[in-house]
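Listed next as structure tokens is one chain, alone, in the form predicted alone.
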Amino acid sequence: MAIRKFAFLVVLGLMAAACGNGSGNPTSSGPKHGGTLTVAIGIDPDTLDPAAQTTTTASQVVDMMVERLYTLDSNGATQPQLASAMPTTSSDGLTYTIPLRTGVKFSDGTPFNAAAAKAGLDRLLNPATFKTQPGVLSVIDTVTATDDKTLTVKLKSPFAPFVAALTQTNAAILSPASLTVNGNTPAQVKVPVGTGPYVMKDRVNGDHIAMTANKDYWGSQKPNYDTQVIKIVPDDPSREALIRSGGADVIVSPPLSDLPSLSSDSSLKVLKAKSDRTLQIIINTVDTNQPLLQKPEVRQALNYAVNKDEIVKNVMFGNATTLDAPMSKTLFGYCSVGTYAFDPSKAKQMLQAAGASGMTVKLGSPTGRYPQDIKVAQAVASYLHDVGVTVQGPETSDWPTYLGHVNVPPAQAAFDMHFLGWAPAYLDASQQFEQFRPDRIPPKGLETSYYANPTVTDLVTKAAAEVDQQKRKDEYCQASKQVWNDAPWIFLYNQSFPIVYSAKVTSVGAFPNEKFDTRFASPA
């Protein structure tokens, strides 16, 4: 009853601002134009600075305004975006020559050229950039603007998926002129100005982000809505209430239990998009507050203690697949490495043998970031309790605050274990293994289990530079087996990505790296 009342109040409060489908005016052919599209998401982005992106949903909002040299298509294949073609590569695999589009301008009128592209990549690689996340792109050695329409990138060592890595939002190119206006500094951007189909209008933290169409957008597809408003609505039932009432045109991650009824509603459409996201309970493997978690056999026992199949069936309502590897099946380099079958008796025996019977752990979880996130965390806590583990929590908070608790160096960790998802920005195991590399431990990255195994590091390093694709697969498979055995996570599931939108809207899509796409949506 309390949830329904809250949802009703949210609807009343947002109806006036939602604008529905606007006054789309038909053209003689092609999509209609005009009006406002309102999209409800579950989290407030912690930052809109492309270089500092850590969250897929936040990155999707940024992608409305900025673009990269290369992008993924709906099938996950790499395509040119601000580049005019795929690059040429030197025989040693170290130098990439990238041809650039001409005649493109940023939304502030600044011309896009090689100097701007160089500045964008240099800013990502500059440690002075606030919370920058270069990740695998730290392999870049130098970036040179050879001429106005040619960029030359030299790597420190060969990196097979380099071009795919350039599709990440972190590698977006900003207008150089925008770095000193609207509260921006070269170190920290609050208002991203790019070449994308939409332009930032305003933001109210915790409430909404509004964008207006870039009327001079260079692409062959044009933005169709005059305005897109991203509403921050953490509560799943409240997002559902909005889409049913017309207070929102698109919602991400509806209540999974209601997908059948949403699918049968003729006024709505349900897109069950693919996702490469794995969901897991990340374990602090260097924990000094609970040093028993430093033992692999204890972490293995926790995996045996949790019934993942039942969580998928009863909490996720079947909208997920239990993991048999530390990554999604959709990634290059995936191989099945086994299961941790539900075996509470074995878990108890292993905990007792390790001196961990009755141990206490503190668990954290977000609310509204992933489908059923807090409910999944509560189910995990219950299973752990059943084998004698005392679980404090799960404690929860809004998304920016939660990130402030988990994306931190080991000495600042707020939890012994925390619920988190990971969706590789491109479909290659090199991205998943960002979660198991010690050189990605915060603040250098997002490896919040603080896991380190030299064997894994060596295999992943070899695979990244390997030209032979079969050898790459084999090395990633070996690394996966070692990670699975070391169990820095309680491995849960690969989720699906449901999006619900009004039948009065067309051209709503998704990418397989779990990004929704409303850039070129239009009134039906």
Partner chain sequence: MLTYVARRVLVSIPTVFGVATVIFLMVRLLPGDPARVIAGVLATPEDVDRIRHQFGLDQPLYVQYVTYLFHLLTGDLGTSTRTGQPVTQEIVSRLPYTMELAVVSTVIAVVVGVTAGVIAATRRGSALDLAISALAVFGLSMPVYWLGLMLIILLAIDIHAFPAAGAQNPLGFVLPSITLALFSLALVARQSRSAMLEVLNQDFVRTARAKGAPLRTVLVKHALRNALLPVVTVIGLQFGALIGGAVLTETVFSWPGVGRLLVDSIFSRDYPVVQGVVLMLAVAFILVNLLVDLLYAYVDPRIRYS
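Numbering follows the first chain given and starts at 1. Since this is a predicted model, take the numbers as computed values, not measurements.
Keep in mind the form predicted together with the partner chain is missing from the figure; the text below concerns it.
Taking the partner from elsewhere, T54 is found to have a heavy atom lying within 4.5 Å of the partner chain in the predicted bound form. In the predicted bound form, the partner chain stays beyond 4.5 Å of every heavy atom belonging to P111. Using a 4.5 angstroms threshold between heavy atoms, S238 counts as touching the partner chain in the predicted bound form. At a distance threshold of 4.5 angstroms between non-hydrogen atoms, V233 is in contact with the partner chain in the predicted bound form. Listed residues V136, A381, V387, L293 were compared with the partner chain in the predicted bound form; V136 is the one with a heavy atom within 4.5 Å. This chain appears without its partner; in the predicted bound form, the one residue of N303, S107, N407, S253 with a heavy atom within 4.5 Å of the partner chain is N407.
Of the candidate stretches 391-399, 346-354, 71-79, 85-93, only 391-399 has residues with heavy atoms within 4.5 Å of the partner chain in the predicted bound form. Proximity to the partner chain in the predicted bound form holds for none of A160, K473 and K481, with the criterion being a heavy atom within 4.5 Å.
Contacts with the partner chain in the predicted bound form, taken as any heavy atom within 4.5 Å, map within 188-214 to Q188, K190, V204, N205, G206, D207, H208.
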